[in-house]
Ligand SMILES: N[C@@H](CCC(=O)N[C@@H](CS)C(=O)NCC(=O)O)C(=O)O
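Below, in structure tokens: the form predicted alone, a single chain.
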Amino acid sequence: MSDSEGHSNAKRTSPAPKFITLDEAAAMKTGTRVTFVPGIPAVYAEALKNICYVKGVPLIRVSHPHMGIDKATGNDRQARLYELTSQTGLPTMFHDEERPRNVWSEQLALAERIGAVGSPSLIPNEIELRADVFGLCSVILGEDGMVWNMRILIDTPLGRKYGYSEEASAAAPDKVAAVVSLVDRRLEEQEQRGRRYLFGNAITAADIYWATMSITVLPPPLSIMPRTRQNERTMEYFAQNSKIPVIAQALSPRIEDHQRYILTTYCETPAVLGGDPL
């Protein structure tokens, strides 16, 4: 779809989403089920939600079990998830009776395959352009990429899961900023061609993934990302990231304009999170 054709999102007040249990999701034989934490814009889950929204794939939301030990039972809260999927990552994607998927590239491939007729193609057919799209997505989403390094900026249980150390944390801001700068240069090159997207003249998965993941260093307004009791501290943390000097220097009006354009034009805004609105 070209820039001139546009793509209008459904800006409406959506009812609070329903979340089913992990066991209910595993027992289902049909439908696309994705795990979320109610009220939290966990960025990989939020990005998959946005990918599926663009592709016209209706989602059944599943409550993702929290990390840690249940104080009442002494059991690992994520033991059942591991039993079902051999991993504990968020989000996990179930579709019909196919194997579960938890890697972003496999989730994207599935969404592209099962997307609605006439929905935008997010994976380019042209092989060099496809390589460019997946290459950029990898430095945003992959190991030692932008989000990975955002998670190890501070010492938290999630940070330790991704290899937090004082040395790794000290190196993380420069790595995050390097990706932001890479995206900014790409947007500048496209701007000179009169294009609003990261690659070519139409939206790709790179636009959706970057616009979503960029909220970790550039929190969007409430009209895009509402606040909930569950996400208030998360959004404060993302705002603090935007003030780290090397990251703040890398952010540009182009980064902000692209984020706002993609999220408000192609994704459901305000984001529907569940949880307890503030």
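Start at 1 with the first residue shown and count on from there. Keep in mind it's a predicted model, so treat the numbers as computed, not measured.
Another form, the form predicted together with the named molecule, is not on view; read the next lines as being about it.
Look at 179-187, 157-165, 196-204, 127-135: in the predicted bound form, residues with non-hydrogen atoms within 4.5 angstroms of the named molecule sit in 157-165.
Not displayed here, the named molecule is approached by residue 90 to within 4.5 Å at the level of heavy atoms in the predicted bound form. The named molecule in the predicted bound form comes within 4.5 Å of a heavy atom belonging to residue 44.
Although the partner is absent here, residue 151 sits close enough that one of its heavy atoms falls within 4.5 Å of the named molecule in the predicted bound form. For the chain shown alone, residue 169 is not a contact residue for the named molecule in the predicted bound form, no non-hydrogen atom being within 4.5 angstroms.
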